[in-house]
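Listed next as structure tokens is one chain, alone, in the form predicted on its own.
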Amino acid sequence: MLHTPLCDLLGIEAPVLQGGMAWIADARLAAAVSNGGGLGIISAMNAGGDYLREQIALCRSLTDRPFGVNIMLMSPHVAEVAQIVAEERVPVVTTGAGSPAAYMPAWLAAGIKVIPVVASVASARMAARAGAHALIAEGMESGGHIGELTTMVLVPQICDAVDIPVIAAGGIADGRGVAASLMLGAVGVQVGTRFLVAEECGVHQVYKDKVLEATDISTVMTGRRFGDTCRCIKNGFARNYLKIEFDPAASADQVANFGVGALRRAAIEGDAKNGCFLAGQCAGMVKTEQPAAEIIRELCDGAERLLKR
């Protein structure tokens, strides 16, 4: 299996992290990824502490390998879940949507490896100064909330700007993406879209089918007008969102309220028309539903074959 310094840092076999996808990245998927040699991630999303404690306990019952929790720093429950991961001594925490500096002392004291997701050099430098162990440099090819830079240009600039390990994310779905990320200076990758179709992923089958049927032009960016850019698969919801977003009379609150609950409708209910199906541009490369461990092996084996050439 492909081995990099990230494996030594996190105690994993393969330098592959699973993305912390809200309503999708639960304990069962995280455990399957960790058992497959990567680092599985539980999403704390906007849920409260009881949900997270249950998920951590379930994950520990399914794997004895390292796993992580993703904390969305804009969550109304962020202080509570930040304390819980410290109390539970979760091996790894990844963060998004803000600076984790306020919670870093408690996490570091608990021996947690902290890996923020960043979309710019400035954010990377701030996170490194705060004590982060590594960074996830996420390009705009990713599904969900995204920045302005592509993975190809973001990763090497962040690698040049900090002296801690960098993990590439955004548009990575096979061994070619892994090999390219390593050539850009990263020590590993974070993958979300491909794990959507892992057999252990409990997302609604309609969601999986949307990914499996996607082409190179199946995703669209919403939210750019008010600075909350998000990538999702084109459908009725996405078209209506864009229509409202660019209505001159629409306010930021009106646009935001239109999207409330849309991800849950996609992930849990499988509402093909009114759900928001977050996925990266690499969805067009994802063609098979398969076990998480098999996905990890294909990513690493494919990269090794290219690197040996």
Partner chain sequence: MVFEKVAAMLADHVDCDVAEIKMETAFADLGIDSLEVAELVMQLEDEFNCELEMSQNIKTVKDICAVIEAKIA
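No experiment lies behind these values; they were computed from the predicted model shown. Residue numbers count along the first chain shown, from 1.
What follows is about the form predicted together with its partner chain, which we do not show.
**Student:** Counting heavy atoms only and using a 4.5 Å cut-off, do 99, 119 and 125 all touch its partner chain in the predicted complex?
**Tutor:** Yes.
**Student:** Does any heavy atom of residue 74 come within 4.5 Å of a heavy atom of its partner chain in the predicted complex?
**Tutor:** Residue 74: contacts its partner chain in the predicted complex.
**Student:** Residue-level question: is residue 239 within 4.5 Å of its partner chain in the predicted complex, judged on heavy atoms?
**Tutor:** So residue 239 does not count as contacting its partner chain.
**Student:** Would residue 147 sit within 4.5 Å of its partner chain in the predicted complex, counting heavy atoms only?
**Tutor:** Flag for residue 147 set to yes.
**Student:** So in the predicted complex, is its partner chain close enough to residue 129 to count as touching (4.5 Å, heavy atoms)?
**Tutor:** Residue-level check for residue 129: yes, a contact with its partner chain.
**Student:** Report the stretch among 170-178, 197-205, 211-219, 91-99 that approaches its partner chain in the predicted complex to within 4.5 Å, counting heavy atoms only.
**Tutor:** Within 4.5 Å of the partner lies stretch 91-99.
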